[in-house]
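One chain comes next, on its own, written as structure tokens: the form predicted on its own.
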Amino acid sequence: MWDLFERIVFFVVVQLFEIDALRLLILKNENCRRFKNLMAVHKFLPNSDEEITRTMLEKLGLRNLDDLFADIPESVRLRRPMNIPDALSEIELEKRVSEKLSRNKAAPEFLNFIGGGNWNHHVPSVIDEILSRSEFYTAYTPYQPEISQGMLQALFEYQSQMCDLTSMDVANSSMYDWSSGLGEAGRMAQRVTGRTKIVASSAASPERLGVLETYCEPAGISVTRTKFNSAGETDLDFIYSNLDDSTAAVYIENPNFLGVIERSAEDIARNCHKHGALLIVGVNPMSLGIMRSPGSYGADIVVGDGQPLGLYPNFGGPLMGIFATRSEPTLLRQMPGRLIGMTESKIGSERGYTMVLQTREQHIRREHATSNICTNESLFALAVSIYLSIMGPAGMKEIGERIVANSRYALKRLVEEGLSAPHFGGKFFGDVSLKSKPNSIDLSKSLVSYGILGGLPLGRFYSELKYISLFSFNEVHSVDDIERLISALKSVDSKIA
């Protein structure tokens, strides 16, 4: 008889390495007969054993596995084998995945001038170092403050920094992304005001506005999109003609999706409040090092994305949503997500942190929940907090100034080379609009052959801007990078008769 150790070793070898010759050899061995059934079971799916399946069905009072799906109509059931390719070995799978990944075109191998909500900024190496620490990397929702003080403190610091950056009173400990934050802000405005109309600038991201409409429609909230003028700014007359007693909020982005600064933001806030409506402002947080913060000109709710603050583009996501508001009880109690608070013990005055506001359906009666968002982006909120701690106010100002300098230099060179820029006449931050001879989508495809990503084809979102692209310039771009882009643009334009 084998001892227990020998049996375990042989079983592990067979299961892990799946060597057919060894499997046959062992199966022939009289002493291994008891393992024959075990080796027929999928190593990652123990319930694939027929005896286990039969026992489970008996306990459930079912005849076969099909009975588990009795609530699915026969007419929609798949009655043929699924079209799943044959299994691959780990070596084959790695090769297949590597081949597919090699088709991606991304920075730093390609120059990236794409913006519009997901930018290619520098990520300091210290962020990856801290995020990869196991106490942060494996942390989940800090429901138990007695064992989660580290993450709770980090999230509290994030909230405090976000309030400083936006000049708002309260920030939650993050949302999924800018779009979901906007959707939550729209529904929050309806709850606070009791009104059912939102006026949204068409100079805001069409994709984010689409998410806003998706969130609002089931709640009976209508979204009216404004126009924008030749400067790329929101049409004020359109906003003011739609401001009435049914308007819950107005939404603008500053800088907006077209890269233009909304110079009348304070006037819009004043008119919103005059009519009892809220002003929701979407921000690129990188601009707040040199631009006025939304809280300083009357925003009631601020949303945005923390992606520029220490996060990689991540092929479009995951991202990290910003959500902040004023501290009035009517607003604070309706804020979605969660809020981390700080307190002191009665004895010894030891500082401690805990979740103090969790107005979501998992924590309170469903009909009183402000949101059904079931998690947040805690790890990325920590990354943003690290980034802001590293940069500080002076660093944020320096990066903002460098972005402006690079974009101004790029515009100067575009004009000198006879290229049609900018298309919009308004003041801008970082993003320069360009009119090209090929349509914006074809231009983007052509630039790939020069090792360049961008610009963002505005023709994808606005039919009237078929030939307009948006090129984003930031702190990672050098003069040589900009000159290389201009050379490629001239070459592409020269090929069009």
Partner chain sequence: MLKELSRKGRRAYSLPELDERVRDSMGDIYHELPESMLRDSPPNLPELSEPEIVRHFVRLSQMNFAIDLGMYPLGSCTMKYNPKVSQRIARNPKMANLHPYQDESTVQGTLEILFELGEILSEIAGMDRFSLAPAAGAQGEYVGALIIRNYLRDNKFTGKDEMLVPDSAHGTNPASAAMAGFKVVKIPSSDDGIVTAEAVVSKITDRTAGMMLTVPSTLGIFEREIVEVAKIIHEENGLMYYDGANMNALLGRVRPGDMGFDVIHINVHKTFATPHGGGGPGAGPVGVKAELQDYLPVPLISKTGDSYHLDYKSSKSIGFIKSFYGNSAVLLRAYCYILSLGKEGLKTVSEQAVLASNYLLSLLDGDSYSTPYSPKTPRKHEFVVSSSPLKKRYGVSAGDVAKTILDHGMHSPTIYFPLIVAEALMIEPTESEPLENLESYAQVLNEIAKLAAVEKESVLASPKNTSIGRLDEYKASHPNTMILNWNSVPASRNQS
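Here the structure is a predicted model, which means the values were calculated and not measured. C-alpha atoms forming the largest set that superposes within 1.5 Å between two forms make up the rigid core. Residue numbers count along the first chain shown, from 1.
This next part talks about the form predicted together with the partner chain, which is not shown.
Listed residue (Leu243, Ala421, Ala231, Ile386) with a non-hydrogen atom within 4.5 angstroms of the partner chain in the model of the complex: Flagged contact: Ile386.
Distance check, Gln144 to the partner chain in the model of the complex, heavy atom within 4.5 Å: Contact check for Gln144: yes, within 4.5 Å of the partner chain in the model of the complex.
Distance check, Lys274 to the partner chain in the model of the complex, heavy atom within 4.5 Å: No, Lys274 sits far enough from the partner chain in the model of the complex that none of its heavy atoms falls within 4.5 Å.
In the model of the complex, Phe461 touching the partner chain (heavy atom, 4.5 Å): Contact with the partner chain, yes.
Val192 within 4.5 Å of the partner chain in the model of the complex, heavy atoms: The answer is no: Val192 has no heavy atom within 4.5 Å of the partner chain.
Contacts with the partner chain in the model of the complex - residues in 141-170 whose heavy atoms fall within 4.5 Å: Going through 141-170 in order - heavy atoms within 4.5 Å of the partner chain in the model of the complex - the hits are Thr141, Pro142, Tyr143, Gln144, Pro145, Glu146, Ile147, Ser148, Gln149, Gly150, Met151, Gln153, Ala154, Phe156, Glu157, Gln159, Ser160, Gln161, Cys163, Asp164, Leu165, Ser167, Met168, Asp169, Val170.
Rigid core superposition, Lys274 Cα moves 2 angstroms or more between the shown form and the other one: No, shifts by less than 2 Å.
C-alpha of Arg402 off by 2 Å or more between the shown form and the other one on rigid core: No, the C-alpha position differs by under 2 Å between the shown form and the other one.
Core-aligned CA displacement of Pro329 at least 2 Å between the shown form and the other one: No, its C-alpha moves less than 2 Å.
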